[in-house]
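Next comes just one chain, in structure tokens: the form predicted alone.
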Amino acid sequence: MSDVRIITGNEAAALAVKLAEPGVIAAYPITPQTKLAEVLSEYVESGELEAEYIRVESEHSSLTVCISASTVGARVFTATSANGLLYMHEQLHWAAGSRLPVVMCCVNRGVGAPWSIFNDHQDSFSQRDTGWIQLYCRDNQDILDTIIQAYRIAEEVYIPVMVCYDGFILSHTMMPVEIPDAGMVKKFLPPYKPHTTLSPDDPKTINSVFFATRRENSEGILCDGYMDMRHKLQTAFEKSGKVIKNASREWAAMTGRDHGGLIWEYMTEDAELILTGMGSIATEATLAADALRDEGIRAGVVGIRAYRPFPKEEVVQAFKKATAIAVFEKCISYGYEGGVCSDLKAAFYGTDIKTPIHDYIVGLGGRDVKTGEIVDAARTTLESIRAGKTGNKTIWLNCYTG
């Protein structure tokens, strides 16, 4: 019989981490991530999870601990939000460059200044080029399942994975979540096999200074230079899409729950208007699509689950029949437009897709986005394009722009 509990997103994340059985956990409290770290500390204290929970003085130290523990062969976990993630920035690069399969939850929150404890995606978006896989969850079940998959993905391609979910909207909201059997998780997630281990019997120098060109080491072995290492990371990213899809398919076969791999689709088969976004805003868009269908407008939704690697082939296939596209995103690349919009345009370049895109910047700092507002925006987009106004636009939704 299934174990279904009504729990918050943070509790779902903590349960997933417990099932993955990391050996080392380090986290520094920051709203709205704090409860996740607290629940994990309770699991360790009670003996439910056999792991070292290391108390640190900052988010920078938290990720440093995970880097060190992963280097010597432990499965690790950490979590943060907003300015805490920004404080980790240096070490995000270090974890990726070291090819360490660290799994971290980013409970998305607006960054300061000015201060906000509420949700948007500016924190994780600002770290998209640090070399981490980024997966975005749409509900609490997705959070639990994605974290378990994240360990499988990270340990297969040796790239760290950031599991992102919306602060308060998911982290503190209670939903029914089905908890998988621990034995099934063990079958899905084999023990971690580190690519590097440290031992007094086999001393090593790790992450020494790399030169620009390839050079022989002291044993006469030709070793990569800095640029060659970066190319290997990029090559691994190019292969990671297939790994993400395979992990999603295998998990779906075991549990009956399919979160879509790189993207997920809702009523797109005959859609003339496609709404898209990441995380819970894409879930809200499905309700808007239902309402638009009731008006006779063939609307559908494409949810972007993997922002890095960006699912170029999948979005080209999903959007190829659309006559109008409305992007709803909780981030902005200042001086230009939203990041998802830019990446969609780049993916469409060189294809037959010439569909106009309206980019809606929404929900920054937790500003509410109602289904009706998405419906109105989508309807305006379709009417504008039907009237021959086919230029791309960036619109701030529900924002005073005077």
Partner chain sequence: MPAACHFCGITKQQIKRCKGPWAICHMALFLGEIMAMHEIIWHGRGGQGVVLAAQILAEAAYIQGFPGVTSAPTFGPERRGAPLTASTRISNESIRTFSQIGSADIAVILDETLFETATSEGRIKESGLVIVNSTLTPQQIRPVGNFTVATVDATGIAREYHLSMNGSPVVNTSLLGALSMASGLISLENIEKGLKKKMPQDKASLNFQAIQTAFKRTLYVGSNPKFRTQEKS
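Please read all numbers here as calculations on a predicted model, not as lab measurements. Positions refer to the first chain, counted from 1.
Keep in mind that the form predicted in complex with its partner chain is missing from the display, and what follows is about it.
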So in the predicted bound form, does E314 come within 4.5 Å of its partner chain, heavy atom to heavy atom? no
Its partner chain contact at L170 in the predicted bound form, heavy atom, 4.5 Å: yes
Is D139 close enough to touch its partner chain in the predicted bound form, meaning at least one heavy atom pair within 4.5 Å? yes
Non-hydrogen atom contact E155 with its partner chain in the predicted bound form at 4.5 angstroms: no
Please identify, from 63-71, 42-50, 339-347, 364-372, the stretch that has a heavy atom within 4.5 Å of its partner chain in the predicted bound form. 364-372
Is it the case in the predicted bound form that I30, E38 and Q122 each bring at least one heavy atom within 4.5 Å of its partner chain? no
Can you pick out, from Y266, Y87, Y192, W94, the residue that has a heavy atom within 4.5 Å of its partner chain in the predicted bound form? Y266
Pick from M227, L287, A252, L198: which residue has any heavy atom within 4.5 angstroms of its partner chain in the predicted bound form? L287
